[in-house]
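Here we start with a single chain on its own, the form predicted on its own, put down as structure tokens.
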């Protein structure tokens, strides 16, 4: 028998079926709102601010408290602690000031939802209305009203740089090279401004949280969550509870896209529950609340100035980003930072100056959404790359070819690029879309165009974001895998099972997952965000499997009196390459094996444990943004679009979408392609339809009637997903994440295709039929 002959227990690279598919398609999956709590359950509703910015002068809750069926009414006076992931800038319930329409002012728990809602009408709140800040560029100016006068006193992470006395909650800088000298060497320079609107995550499952505080003060929170451990930590800290006295249970999640990361409405349910001990308290957001009280993707005003020499080599780039962080900055400050260190896009630029500002406004709270600022930033940048190419009369693909990152390229932060398949993605996407080949439109009243865009994105996270896993073997040789990450639809549980099977040496079908995630029993996971689970949790799984393998092989080696190096685990059995002996795991993993001399037994239950933390990430200089290794790695890729513009209506029809991404290693190729297709369609939705209409700080389209998202009818007629695999040195089997990246380049690829079709640029999406038609009218392309 040859050592290493383990292909039967190595499902890496196989498109196995999803482990969660049967429960989801049959309706057996249990979501947070499905959990039954009996007659003790109370229902919570929240009194919210009708003003974008105001001082709270007086709150009277006595009438509400006296309403039959009401069990508790709480206000900000009950909870003095601040909460926040990177910058602790908000109270659970407002105490002295409201900062956006929807800010929670008071909470009610009652025996029925109808009673709780009636009680809200009885709560009297007197406000002193203040002038709002509704534009981030104005908000960053010295003349803007100050939204957080206490900014200088807030607790803040050491890599976030707020500016006290202003509305700037983070200012990230890049200073590299000699800008003055570089501009003088440029043969072409372009300058552009773009405006990216707020959009919503609109997951199928609205936010829901059920909290219970028992008689001893122990807290349990059941909720739809991407971040159960972060919620445990942050909520417990704010309410003065020991972390070990709080437990978060996270059942199946019905979509998140970042909107269920960190802490948003969950703390409200826990706070109310502290006043009605023994009762579970459920807070379920209505779809309307979901639009303006859950995190939104923050808006962006971006300025780009890019120059190149006569050969097309980019010499200089100067960018300024004003992020509309909204009233509080749960994640916005770190999105600002991520956009700053990624500001050049996937290009090597020797001279860079960037200022990325996160600005408080009186808009809904900005949070993470698929891409973590990269779709917004790339939207303008990748249009500028096309415009720069046109200005020096060069094909846009050729300009990208001459400038895109390769291994050892020097990044804007001063570090070196790792091996990447970006150039291969560019070539394959261009080839698949038929770049350079002109196709006639499908009818005389249409114009056809092609566009392409590149992207890169790193997992945006603190350097100490950890993952862990455990593996326990059962009597029948099955292994149970414990992980703390969440499956929000991306297939994390399936990939985790594949990696555990491959790393330990059992068939994929022999792995069971210990779910739902429960912070009391599941191993720690920082958060299910940043497209880092396959990479980070995967490394922890490998370490746990190796720990368990070592225990098994040492046991058998002792029992057989052999060298451990001559043993392996294949298809659920331990085999010896030396003696060709074989024993099934089911015969040894719990009860052990007899000693060779019959004097007793060896071994016992097998539990392996593993963890992972990227300890090699370094900080950045706060004044220059320079550092050795700012992030763990970048995933790169390209998308290409072919579309038609209807001259009679302005409607855009996407004919073909091509996506090519370097994922390092596709653990499950079909799920990787599904991520590429899903991101492409969601990107099309944000390009053509989505915009949170804000007027005076009030959301005007908080319903699916008025807020349009793409449906299957809007998906491209043809989609092609191309997997490129240049291994990541520290990735499990070389893998990198792909969950968010597939949405990043879609908007600029579509914008570039529209320009190719009709020669018109827009200042930002959505490229609605109305906007496109009016622009064609102004340009004289069509007539009324």
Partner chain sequence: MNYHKISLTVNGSQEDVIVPSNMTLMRMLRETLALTGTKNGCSAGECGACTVLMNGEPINSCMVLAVECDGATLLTVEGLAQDGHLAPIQAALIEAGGVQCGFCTPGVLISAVALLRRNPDPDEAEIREALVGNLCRCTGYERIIESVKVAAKKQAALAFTTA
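All of these numbers come straight from a predicted model, not from anything done at the bench. Residue numbers count along the first chain shown, from 1.
If you look for the form predicted in complex with the partner chain, you will not find it shown, but the lines that follow are about it.
Colleague: If the cut-off is 4.5 angstroms on heavy atoms, which of these, 414, 516, 254, 419, is the one near the partner chain in the predicted bound form?
Modeller: The option sitting close enough to the partner is 254.
Colleague: So which of 527, 510, 543, 682 reaches within 4.5 angstroms of the partner chain in the predicted bound form, heavy atom to heavy atom?
Modeller: Contact check passes for 682.
Colleague: Does every residue of 27, 711 and 716 put a non-hydrogen atom within 4.5 angstroms of the partner chain in the predicted bound form?
Modeller: Verified in the predicted bound form; spot residues all in contact, yes.
Colleague: In the predicted bound form, does residue 678 come within 4.5 Å of the partner chain, counting heavy atoms only?
Modeller: Heavy-atom contact with the partner chain at 4.5 Å: present for residue 678.
Colleague: Consider residue 309 of the chain shown here, and say whether it contacts the partner chain in the predicted bound form, taking contact as heavy atoms within 4.5 Å.
Modeller: It does not: once the partner chain is placed as it appears in the predicted bound form, residue 309 has no heavy atom within 4.5 Å of it.
Colleague: For residue 244, is any heavy atom within 4.5 Å of the partner chain in the predicted bound form, or not?
Modeller: It does not: once the partner chain is placed as it appears in the predicted bound form, residue 244 has no heavy atom within 4.5 Å of it.
Colleague: If you check in the predicted bound form, is residue 34 within 4.5 Å of the partner chain, heavy atoms only?
Modeller: Residue-level check for residue 34: yes, a contact with the partner chain.
Colleague: Please name which of the stretches 338 to 346, 180 to 188, 255 to 263, 530 to 538 has residues with heavy atoms lying within 4.5 Å of the partner chain in the predicted bound form.
Modeller: It is 255 to 263 that comes within 4.5 Å of the partner.
Colleague: Of 185 to 206, which residues get within 4.5 Å of the partner chain in the predicted bound form if you count heavy atoms?
Modeller: 200, 201, 202, 204, 205, 206, in sequence order.
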